[in-house]
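Have a look below at one chain only, the form predicted on its own, in structure tokens format.
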């Protein structure tokens, strides 16, 4: 169960404000992820929640306990908050071994219990041969795994993890990510995890929070946010490849007719005639066809020419000039089957339901 409520303001020493307000009370959602670009205030928010930094005003409440309230003059020190914080740089005590670093926060456990805990975490995180080593004998990824185990082992009521997997190689990162989520679910622990990685956010989160420039822009179900970003800034953060300025021409029976570049599009939605907007289209929602157009329920069939082909391993990005520059993402095999090359004529097919009209700024 994740029970976290806060409304806080923090003025950065070099200017700018963190203004964040959120209320999550859910039996089903225990892992929340904060996603956003560097400098958006993600780390500062975690530090305020943990008591490492003090907000200028507001309140912080989790698990029924008020840890900070500027009006009531409440400010629990970090050591008295049942919150585990993993710093982004994952500091370890250089004079302590891996096993002693892992169990540093466990003051009331017996020697046999401590040995069992070390064995469990070393096995889980692939550190069984490193228990007696010191931090300077470990790789960066190994140190990060030790720091993660150190944070998780005391089982605090709320875990705040700042880029917990950033120093790991891709294969280890995928493995530890799964083990982290499995452990959190098994132990019924609540966590707030910071990342800037889209795949990681989707893989870990039950609840997604999008931040930029010191503000929370959108929060809720991860797939809903990824498929239906509320504003253009969110669309950029969640990786919408086509984010295009447009204008609403007319709205008839729930269909919005849009002017985008030299072309017109039809989307499902609402708006006002002559209203400026942004049009968001995910690249994987663009279907490419050559030759005679197939029978389709899609409202948008755009003729164009291939301007650029961008390799992404087994996939490619295909940039088409169809009155505006539109990016599609297809498999390399599909590119070969379609015979796509620079200058090739192509038809881009887009369903009206795949186009989102964003009127926020």
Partner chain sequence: MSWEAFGLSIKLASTTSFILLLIALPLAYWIAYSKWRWKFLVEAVVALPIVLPPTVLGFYLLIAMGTRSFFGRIYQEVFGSNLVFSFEGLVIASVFYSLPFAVQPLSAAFLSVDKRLIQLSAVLGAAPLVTFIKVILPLSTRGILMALILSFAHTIGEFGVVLMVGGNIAGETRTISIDLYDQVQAMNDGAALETALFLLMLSFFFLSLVYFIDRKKGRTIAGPKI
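Positions refer to the first chain, counted from 1. All values derive from a computational prediction rather than experimental measurement.
Form predicted together with its partner chain: not shown, discussed below.
The partner is not drawn, yet in the predicted bound form one stretch among 185-193, 237-245, 78-86, 272-280 has residues with heavy atoms inside 4.5 Å of its partner chain: 78-86.
Comment: its partner chain is not present in this chain, but in the predicted bound form one of 126, 154, 259, 220 has a heavy atom within 4.5 Å of it, namely 154.
Residue 167 is the only one of 288, 118, 204, 167 with a heavy atom lying within 4.5 Å of its partner chain in the predicted bound form. In the predicted bound form, its partner chain sits beyond 4.5 Å of every heavy atom of residue 208.
Among heavy atoms of residue 72, none comes within 4.5 Å of its partner chain in the predicted bound form. Its partner chain in the predicted bound form comes within 4.5 Å of a heavy atom belonging to residue 134. Using a 4.5 angstroms limit between non-hydrogen atoms, residue 95 touches its partner chain in the predicted bound form. Taking the partner from elsewhere, no residue among 299, 317 and 351 has a non-hydrogen atom within 4.5 angstroms of its partner chain in the predicted bound form.
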